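A single chain, nothing else alongside it, follows as structure tokens in the form predicted on its own.
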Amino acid sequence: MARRVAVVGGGISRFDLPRYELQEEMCAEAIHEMLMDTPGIDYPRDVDAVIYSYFSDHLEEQLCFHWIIHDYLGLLPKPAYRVESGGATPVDAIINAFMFIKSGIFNNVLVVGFEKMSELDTPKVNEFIAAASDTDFDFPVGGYYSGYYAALEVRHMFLYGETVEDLASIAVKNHNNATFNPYSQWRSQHGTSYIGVDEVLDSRLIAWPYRLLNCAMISDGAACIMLTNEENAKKYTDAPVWITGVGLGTDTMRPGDRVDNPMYKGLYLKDESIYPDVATKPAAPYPEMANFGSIRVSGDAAYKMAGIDNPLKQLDLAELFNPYDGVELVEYEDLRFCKRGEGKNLVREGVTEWGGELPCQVSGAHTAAGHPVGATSIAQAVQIYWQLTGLTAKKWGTKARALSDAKRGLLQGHGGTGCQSGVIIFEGG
């Protein structure tokens, strides 16, 4: 008999740069918040196992840091292990916890994610992040993620016609959402004033078409989330949030290899047919460099498990992995919120704005809430949990970004340049 898996609590240690607390102290803050909201959890007795999510040993300047965290959190001798898959690390950690519970190996699994990126200067941080690209071919010739993602977005702009103003509109949406989020780095550093398109376009150029306000923040922070089986969920809360679908997908390490990737040829014939005549059509025209095949694969798998066939109509909110604003626009297409090439239309029509048909990045996400890599998707999952349980107004201290009667949310995370992707569907009730 299949076991249902529920989320029964979560916590976030505010994202900022710098946070002067140690990694273990930030993790403890997140755990403390979770326990204050879910007093029925007998901690640490009710924790059967822990999965730790952090991206880089280099950034932490410590190997096996989760051993220190585990000890500090008073969780010895519970089973613990680490997940690491670049930016996909936290979403993978949640999916691993889901699988442990689904299989019956454990009943309650705690997921803890953290990153402290302020201990190194920005160029060194970017260098260490770039070490998650191909260090034989791309990295030695100056490959950094800002450059990789800029190249991908330029290709998508060439094929489908979005503009820098469209990307700026996404940045405005996310930064203005973040002004309401007390856990966000943008609010901590810049307060609650709104920004406009002109401010985005006037910000410093990083790698065209991306400017400073189009790019994810370097951050410190931590987050945690507690998953359990159906029997225990009823002990901890009257309002569990169920994980009804998960999916994983992969693509080539080097984005240049995707221009004509035979492994994807014929998988998505409708998407292959949507290819403009401004460029020579390759033998495998989807995902090409312009889209993310791993996101399509992971999204479709999660939708199938959750019984979703029209995500735009059947989802109430989405928290996406957006290290750069063009990535978010392309994800609208690969997650089937719209057809390939029509992501710009969702931006221009306000579909993903607050108050639109499918609000995306209500938290502010990577470019505004912050991006301590190992914690980011976990914090986004907690934000979805709060929205589906009606806790957002309490946690944020305002009803301004609290959704009414939200029933179903999507979390998407990925690593590298879409080398690996995970999607999770959460349902309240």
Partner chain sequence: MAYRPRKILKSREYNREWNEWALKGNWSPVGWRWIEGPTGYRLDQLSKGNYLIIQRPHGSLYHHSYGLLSKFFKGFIEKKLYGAKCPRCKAVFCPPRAHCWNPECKVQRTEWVELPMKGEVFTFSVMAFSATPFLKTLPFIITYIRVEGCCTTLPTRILQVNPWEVYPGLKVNLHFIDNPKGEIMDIYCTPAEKPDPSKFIMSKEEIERLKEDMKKVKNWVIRKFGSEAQPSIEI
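Numbering follows the first chain given and starts at 1. Computed from a predicted structure; not experimentally measured.
The next section is about a form of this same protein that is not shown, the form predicted together with its partner chain.
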Any chance Pro79 has a heavy atom within 4.5 Å of its partner chain in the model of the complex? no
Touches its partner chain in the model of the complex: Ile12 (any heavy atom, 4.5 Å): yes
Non-hydrogen atom contact Tyr194 with its partner chain in the model of the complex at 4.5 angstroms: no
Thr122: heavy atom within 4.5 Å of its partner chain in the model of the complex? yes
When its partner chain is placed as it is in the model of the complex, which of 319 to 327, 80 to 88, 182 to 190, 101 to 109 ends up with heavy atoms within 4.5 Å of it? 182 to 190
Residue among Leu201, Ala301, Val351, Leu75 with a heavy atom within 4.5 Å of its partner chain in the model of the complex: Leu201
Which one of Pro359, Pro311, Pro255, Gly247 is close to its partner chain in the model of the complex, taking close to mean a heavy atom within 4.5 Å? Pro255
Between 365 to 397 and its partner chain in the model of the complex, list the residues on our side with a heavy atom within 4.5 Å. Lys394, Lys395, Trp396, Gly397
